[in-house]
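In structure tokens, the next block holds one chain alone, the form predicted on its own.
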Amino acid sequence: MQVTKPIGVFDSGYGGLTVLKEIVKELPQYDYLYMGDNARAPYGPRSFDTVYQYTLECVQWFFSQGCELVILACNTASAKALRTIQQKDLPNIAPNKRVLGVIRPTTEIIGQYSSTGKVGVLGTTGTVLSESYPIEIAKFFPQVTVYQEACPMWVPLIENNEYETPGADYFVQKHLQNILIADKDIDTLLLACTHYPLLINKIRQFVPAGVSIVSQGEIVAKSLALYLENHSDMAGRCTKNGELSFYTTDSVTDFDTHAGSFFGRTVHSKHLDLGLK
């Protein structure tokens, strides 16, 4: 029986599929295992401790499936759980395995998109309250001023297939106005939630010309490619058969129905029972 060691890609639901889509495009040779914790989504409004516990449980499942490397393709999990898992848990449970997130790769380069030094961050309530983006961006671009706006209705709009309807206009316009009014010199908007690329057409309707809209998928994919290039041992431990597997902790039918919009092609998932109540 062939042993596979896929790269794990985790999200609380569907959004991480927009990241996986770009990763597969950048690194098609690797095997990938995606898991969406849809039964407990959304993570955004949950406490730091709850998100940490949920995320750690899912990371341990990935490790049990042979994953040597896991990507938290979820801004909330990256903001609320990644550092603790890296510093506290990995040394004890899996010192040779790695867990990476989506915030660090993005903050390392986001300042390069702005000529005014004024950047707006659009995210879930949890990501915004964590202050992760202002803190991390300041490390790489101390001259950049960061403005944040929580957009709690955007994920429900997307997951209910309302993201291209006239009904979405009010909530998209409202949050864009809120953040752009904060500083007339904002010239870059970061979509700090992996769901938000599905709203890109709506967002463009309400954003002035000259303002860049930055999604994370391609950034994270290129960062992962560089990471594997610089860590040949890890690259060698991840198997390369070009295989994709998808799991959800909730309804397979619901997951497969929605997942194609995020991943760009048909998805066939399996149900994962983590003993959730």
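Start at 1 and count along the sequence shown; that's the residue number. What you see is a predicted model, and the numbers here were worked out from it, not measured in a lab.
Another form exists, predicted together with a small molecule; not displayed. Remarks below refer to it.
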May I ask whether 106, 189 and 215 all come within 4.5 angstroms of the small molecule in the model of the complex, judged by heavy atoms? no
Choose one stretch from 85 to 93, 164 to 172, 136 to 144, 119 to 127: the one whose residues place a heavy atom within 4.5 angstroms of the small molecule in the model of the complex. 119 to 127
Heavy atoms within 4.5 Å of the small molecule in the model of the complex: does residue 155 have any? yes
Does at least one non-hydrogen atom of residue 74 fall within 4.5 angstroms of the small molecule in the model of the complex? yes
Given that the partner is absent here, does residue 132 sit within 4.5 Å of the small molecule in the model of the complex, heavy atoms only? no
At 4.5 Å between heavy atoms, is residue 195 in contact with the small molecule in the model of the complex? yes
